[in-house]
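Coming up are structure 1 and structure 2: the same protein chain in two forms, each one given alone as C-alpha cells.
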Structure 1
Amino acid sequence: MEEVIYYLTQENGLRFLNLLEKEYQIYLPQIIGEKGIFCDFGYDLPKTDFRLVKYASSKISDFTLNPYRSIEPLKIFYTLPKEKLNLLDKEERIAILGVKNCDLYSLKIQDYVFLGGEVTDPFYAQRRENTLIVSGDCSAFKEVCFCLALEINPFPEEGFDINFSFLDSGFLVEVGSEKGEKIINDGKDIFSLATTEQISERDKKRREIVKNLNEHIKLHSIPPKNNLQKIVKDGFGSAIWKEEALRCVECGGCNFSCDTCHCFLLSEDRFGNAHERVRLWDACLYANFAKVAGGANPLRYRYQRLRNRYLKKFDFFPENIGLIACCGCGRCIEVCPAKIDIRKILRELSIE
C-alpha cells in the first residue's frame, strides 16, 4: 500500500466520526474522573483516566481524545470476561478509537493465541474481522507506563487500520490497512495531503514524548529488554517471589486488566432448560488454576503463581513466538491492591 499521510482539521473530526458511524458502532474514550495519580519522581502527570464507551452522536461532548491508553485492556473487545460461545450477528461492526501502541502490541499476543495454532477461535476471528482500529499517538503518559523499556514506542507504526497523530491544530491521519483506506476514500473531501511541516511537527512531538518517557522510565531501572528472559528464568529461586506474593490477595486483577493475559476457562451456564458453553477469563493467580484431581497442584503456593505469570510472559512467549508478552501498559501495577509492581520485580531480579 502506498504510504500516504493525510491532514484533517479539528472541525472535520466530527465529520470523520459521521463517516465511521455509517458502517460501524463507534467506541470512543470518555473521561472517568480524577484519580489523583502522581509521580514519586517529580513529573507532573495527568490525573485522569479514560474508558472506551459506545458513542452516540447526540452526546459528543461526553467524549474526548485520550492522551494515553484507556483503563480497560483492548482484549475486552475480542474476548469478553464471560461470554456464551455464539457467533455474532454479522452486522455488528465496531470501530474502536483511542487505541494506543501498547494495545496494538498486545494484539499480536492475542492473535497468536486465538488465531494461531491448529484451530482458529471463530469468535475471536469474527470480532477481529469486524473491528476497525483507529489508534492514536500518545501525547502524555501515566506514571505506570513503561512501554519504551520494552522497545515499544508510544506511537503506532503497524497493526492499526487508521492512526491519528495530534498536532497543535488538527490531526495527521495515516492509513494502515485496506479497511482503513476504504473509510478515507469514502470521505476524500475532508482530508488533504499532509505537508512536510505538519509531518515534522508530528515527528517532533514523537521525539519529545520519547525523551520524557525515557527519563521517567530510567528512574525505575528496568533491565534491558533483551535480558529479561534470562533474568526471569535465572531468578526462579529468587526470594522476591515469596516477598511480593505475601501481599497478594488473589484478586486476579493483574490478569484481568492485562492487555496480554489470555487464559480462560470453558464452563457452562444454564439458559432456560439448556446448558450452554461459556468462556470466562481465568487468572493464573487463582489457587485452583493448575490443580488436578487427586490434589496435585504444580502452582500450589501463591509465590509459584506470581512467578508463573512472569515465566509465561518473559519465557514461554519468547520461546514460542519471539515476543515478550508484556507491553508495558502498567495496568497490572495500577490495579494491584497489594502494590505489586512488575517494574520493581524485574529490577530486583536483575540486581540479584
Structure 2
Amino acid sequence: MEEVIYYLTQENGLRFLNLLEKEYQIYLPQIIGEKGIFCDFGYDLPKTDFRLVKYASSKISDFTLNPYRSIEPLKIFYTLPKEKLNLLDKEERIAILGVKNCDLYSLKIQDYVFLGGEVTDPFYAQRRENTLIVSGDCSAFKEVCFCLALEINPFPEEGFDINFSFLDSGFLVEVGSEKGEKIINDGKDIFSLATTEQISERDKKRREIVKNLNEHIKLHSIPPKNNLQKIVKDGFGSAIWKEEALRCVECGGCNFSCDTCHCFLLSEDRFGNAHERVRLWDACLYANFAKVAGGANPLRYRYQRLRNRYLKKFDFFPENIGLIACCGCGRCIEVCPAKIDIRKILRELSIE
C-alpha cells in the first residue's frame, strides 16, 4: 500500500467519530482521575489516568486523545477476564481509539499465543478481525513508562489501522491497513493531504518525546535490552527473588494489568439450571497457579512464582520467538500495592 499521510483538523474530530460510529462501537480514552506514581528524580511528570469507555455522542463536546497509554491493557478486548466459551455468540465490531505503541507491541505476543499454534483460538481471532485500531503517538509519558529501554518507540510505525499524531492545530493521520483506508475513503470530505511542514512538525515532536523519555529512563539505569535474557537467566539463584517476594501479596495485579500476560484457566460455572464452560484469566503469582491434580506444585513458593514471571518474559519468549514479552508500559509498577518495580529488579540483577 502506498503511504499517503492525511491531515485532520481538531474541529473535524467529532465528524470522524460520527463516521466510525456507522460501523463500529467506539471506545474512547476518558480521564478518570490522578493516581500516578511520583517521580523519584524530581521530574514533574503527568499523573492523570485514562480509561477506555464506550463512546456516547451526547456526552462529548470535543475530540481529544490520551497523551500516553490508558490504565487497562489492550488484551482486555480480546481475551475477557471471564467469559463463556460459546462460539454462537456474535462479536460486535469495535473501534479502539488512543492505542499506544506499547500496546501494539504486546499484540505480537498475544497473537503468537492465541493465533500462532497449530490450533488458533476462535474467540481471539474473531475479536481481532472485528476490531479497528486507531492508535496515537505519545505526546507525554508517566513516571513508570520505559518502552524506549526495550527499543520500543513512543509512536506507532506498524500494527495499526489508523494512526493519529498530535500537531498544534490538529492531527496527522496515517493509514496502516485496508480497513483504515476504507474509513479514510468514506470520509474524504474531512481529511486533506498533509503538507511537508505538517510532516516536519510531527517528526520534530517525535524527536522531542524520544529525547525526554530517554533522559528519564537513564536515571533508572535499566540494562540494555540485548542483555536482559542473560541477566535473568544468570540471576536464577539471586537473593532478590526472595527479598521482593516478601512484600508480594499475591493479588495478581501485575499479571492482570500486564499487556503481554496471557495465562488462563478453564472451569465450569452454573448459569441457571445449566453448567457452562468458562475461561478466566490466571496469574502466575497465585499460590495454586502451577499446582497439579495430585497436589504437586513446582512453583510452591512465592519467590519461585515471581521469578517464573521474569523468566517467561525475558527468557522463554526471546528463546522461542525472538521477542521480549514486556512492552515497557509500566502498568505492573503502577498497580502493585507492594511497590515491586520491574526496573529495579532488572537493574539489581545486572550488578550482581
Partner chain sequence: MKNPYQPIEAVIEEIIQETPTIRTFVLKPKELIEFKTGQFVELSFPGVGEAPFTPSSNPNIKERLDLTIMNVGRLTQFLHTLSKDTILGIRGPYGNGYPIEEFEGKEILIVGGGVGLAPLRSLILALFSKLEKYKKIFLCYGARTPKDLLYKDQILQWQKKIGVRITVDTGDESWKGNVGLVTSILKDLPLKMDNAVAVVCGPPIMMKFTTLRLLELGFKPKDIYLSMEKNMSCGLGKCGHCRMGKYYVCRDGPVFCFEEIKDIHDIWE
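Because the structure is predicted, anything quoted here is derived from the model rather than measured. C-alpha atoms forming the largest set that superposes within 1.5 Å between two forms make up the rigid core. Along the sequence of structure 1, residues get numbers from 1 upward.
- Item | Panel number for the form predicted alone | Note: form predicted alone is structure 2; the other is not.
- Query: Taking the rigid core as the reference frame, is the Cα of residue 322 displaced by 2 Å or more between the two structures?
  - Reply: After core superposition, the displacement of the residue 322 C-alpha between the two structures stays below 2 Å, so no.
- Task: Using the rigid core as the frame, report the C-alpha movement of residue 293 between the two structures, one decimal, in Å.
- Result: C-alpha shift for residue 293: 3.0 Å.
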